[in-house]
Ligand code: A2R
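Below you will find one chain, with nothing else, as structure tokens; this is the form predicted on its own, and questions on how it binds or moves follow later.
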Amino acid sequence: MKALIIGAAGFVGRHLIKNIKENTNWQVYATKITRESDIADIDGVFDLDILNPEEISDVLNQVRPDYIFHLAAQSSVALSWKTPALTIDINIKGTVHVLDAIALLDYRPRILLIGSGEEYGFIRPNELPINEENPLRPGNIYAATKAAQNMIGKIYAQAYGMDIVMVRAFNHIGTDQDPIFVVADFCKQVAMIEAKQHPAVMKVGNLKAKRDFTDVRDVVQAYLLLMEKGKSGEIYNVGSGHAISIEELLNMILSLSDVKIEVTNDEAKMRPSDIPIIEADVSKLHDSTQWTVTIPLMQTLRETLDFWRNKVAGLDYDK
């Protein structure tokens, strides 16, 4: 069997490659954008711009994958506010280009489309935890593009008989995540303060929002299980099933440091609109695959902070 991971050079892609190699005997192929670092120890890597349909077709015809994980995305809510047109191009137009290219193949590979728990948007208190049938009320540009992506995926599955499983992934965290995301940002700041490379003041955004955090290693295990056992045309939540406030998350990270750190609000980290709470109902995922969270949140935070301590110190760290 051959697996193709589109957009594999990022945080999730690296963990997904490792999971597939450890748990299957599949051949693994990957795509990345030209400026990204190369990907080692897999069967093939292709530079690919998903806004170029011909490039997509060329890769598909060379690899002829049995499984396609579509990870390529502009995945930052904060960045989507700054670059809405780019976010729309990558997340919607890019996905349509991928699906159109797959539709032209003379066989039907299985596709996993990765959406987001942000699609649910402004959740009402009586709707928690949120399940896959709940109405979508996107509250930011990124969420709107991911909602559109999954809607289009469902249409293609129905109209063209394509084998597409869709995911709404909630916040996933871990080592080597870009510090534009909250946990990596907090851990990097603490590590720099401990190393006396930064004043003992942490800059934060909205601490009252509540989010559902899961270790990326558990998330990619869910992706692999859904690729094997998910029902075509269906959408599955992937998350811990438990939301905590960003303030509680921050306090957990601060408890891992012996340094006294002041916390201050930074207007630059505030978003024009922020969803108060997002929490997943993952019973559908569990019923279909028996997946469950295996890595405690505190363990992930400790490993992420250690990663940034080593990175700030100029040491290699591979987790």
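Bear in mind the structure is a predicted one, so any value in this text is a computation, not a measurement. Residue positions are given as counts along the sequence shown, with the first one as 1.
One more form of this protein, predicted together with the named molecule, exists but is not displayed; see below.
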property: Of I68, L48, V28, V63, the one that lies within 4.5 Å of the named molecule in the predicted bound form (heavy atoms); result: L48
property: Heavy atom within 4.5 Å of the named molecule in the predicted bound form - residue from I114, A157, I111, I193; result: I114
property: Partner-proximal stretch of 193-201, 124-132, 139-147, 225-233 relative to the named molecule in the predicted bound form, 4.5 angstroms, heavy atom; result: 139-147
property: In the predicted bound form, M166 touching the named molecule (heavy atom, 4.5 Å); result: no
property: 4.5 Å heavy atom contact, I90 and the named molecule in the predicted bound form; result: yes
property: Contact label in the predicted bound form: S75 to the named molecule, heavy atom within 4.5 Å; result: yes
property: is_contact(I20, the named molecule) in the predicted bound form, heavy atom dist at most 4.5 Å; result: no
